[in-house]
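Only one chain is given next, in structure tokens, and it is the form predicted on its own.
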């Protein structure tokens, strides 16, 4: 490789991945005043700089949510760059979607939806390759070596013929770097990977387990006040009257502010304990609650399947020769809430003589936080500065972090920096929920036992339709994938009709790990299992005969081998799916109505950090167990029927079965999304095993209800 290539700009990176086109040109600076820790080294490209002591500075576009995405992305960069991971310094990217937006999120800066590693894979491989080529070209010039005789590994540039090597530090400190570009031909072959697929220690692991790591709720600059909001326990509640005299008497309370929409009253204090006590001391009269209940919620959704309130969004449609005669199966999944280790929080401080603001938040999206703050502050987006803090658990809830709006309104009203902290009980009573859903499936087999007809209707509210309607998909811009993910099943069928019906609900919809795929896959895989068993066919063999995806077939064979499928006298349930590029197959075993074991086979493409991947799958499976057997947010008299964390049913450690996971790995594949794949097939496999064990049918979650 003796020719010089043009360096890749952000635009070139995205062109290579075949996605977004908004970008900066060659030579653009990689940091801004908004960056918490700007780079100090020589720029290689928009994501990488190298310091004179040879340290790689990686401007990381992913947020630290606890799932390990920054480390995984750094591993991709280090692998391609020939760098030692211990000498890669991870710096938070500023809010600059043109440079650092995720192409799989339409160029937005969002860390969610199992799209982080997948979205930045190609970009960071090319960024790392540029680092490697720059160091090799510079070392060759400094030592009169031929470029083609050199390679980089473990933070060294090696010269093959002489056996000599120079460190990245020696190369970087020896003068101006030569910056050849990189293209696809310069990427390492997967067979030469040495870092990817391993499990390096997280740099902050000790700080996490010893409690020294600081999260958003821990970070409060001197002079910043704390606000805790008092909201009605019933949905849609607004203030009718308030007596705040007792709250004002509490030491530390400085301000009482009623939100403009009268949805809450904020008690502002010098510390969190005073704010909490002040909020409890308020005497508030709220408007009368509606008669909303779980029964009303379910009835409305099931009625929407019969008489849709809006035109259905058609996802799949093919000509149907004859009307089916099979009876319909109806499935119901309740609303679910989040239990976050760290409470929702955001800090807003005015700047630029009150014309702008700085927001610091435990968030999943700098872009959306900026939008919320600008709208509330009533200013232009460029007047908003963003910083993200490490997050103590997100699970999708922090994508639409509404505490940012609250902090912005309160800070502007009182003219002082304010951190809003939302107590967990308040979030569970009035926060965003994974919306409930009703589904109806009609399916028929032909005389040969093959799938001949499939009709699947889903009724639910839509999270994107509520918060970001401009992001809806489909030709007409009407499909909300937060309500339809998972509905595109993998089975061969000539006559299909799949539809989504939006039915607006009173609880505010939001993201939760897996969102709709948690209930669509359950309904699909339960129906498939029933069809196979009713026709005296093996559920495994039936699936293998009806899928065209060889990767999906492989994980099915793998999990069958793990569990010794076919042994008589066992109550086994199977489920499979494809999601965000990953393939998963799960088997559950039930004895005496207890789930005793789970076996999971996963093809997640190229493995980046092995332990993190396995942890994501296992964590999802545990949550799937909890959703299948326990979880559901119930409503009564217009309010969530919950007065403490203990009122929300969740799985406990003593109920966990043995979980075995095996990865199917093949070379030359991109990584797939893995954050949510453990949940859906687990729910479906448990339901199928329960039906085998009991002879009953389960059409509602949780299954014990």
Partner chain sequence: MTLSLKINGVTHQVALEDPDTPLVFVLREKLGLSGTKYSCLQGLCGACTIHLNGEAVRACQISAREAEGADLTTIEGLSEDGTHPVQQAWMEEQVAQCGWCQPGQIMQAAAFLSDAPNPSAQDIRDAMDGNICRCGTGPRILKAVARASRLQKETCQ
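Because the structure is predicted, anything quoted here is derived from the model rather than measured. Residue numbers count along the first chain shown, from 1.
The same protein also has a form predicted together with the partner chain, omitted here; what follows describes it.
A heavy atom within 4.5 Å of the partner chain in the model of the complex is found for one listed residue only; from 544, 208, 383, 98, this is 208. A heavy atom within 4.5 Å of the partner chain in the model of the complex is found for one listed residue only; from 200, 309, 490, 174, this is 200. When the partner chain is considered in the model of the complex, residue 673 lies well away from it, no heavy atom lying within 4.5 Å.
The partner chain is not drawn, but in the model of the complex it has no heavy atom within 4.5 Å of residue 637. Taking non-hydrogen atoms only, residue 215 approaches the partner chain to within 4.5 angstroms in the model of the complex.
The partner chain in the model of the complex is not approached by residue 63, whose heavy atoms all lie more than 4.5 angstroms from it.
Residues with any non-hydrogen atom within 4.5 angstroms of the partner chain in the model of the complex fall in just one of 178 to 186, 332 to 340, 255 to 263, 150 to 158: 332 to 340.
In this stretch, 659 to 697, the one residue having a heavy atom within 4.5 Å of the partner chain in the model of the complex is 659; the partner itself is omitted from this view.
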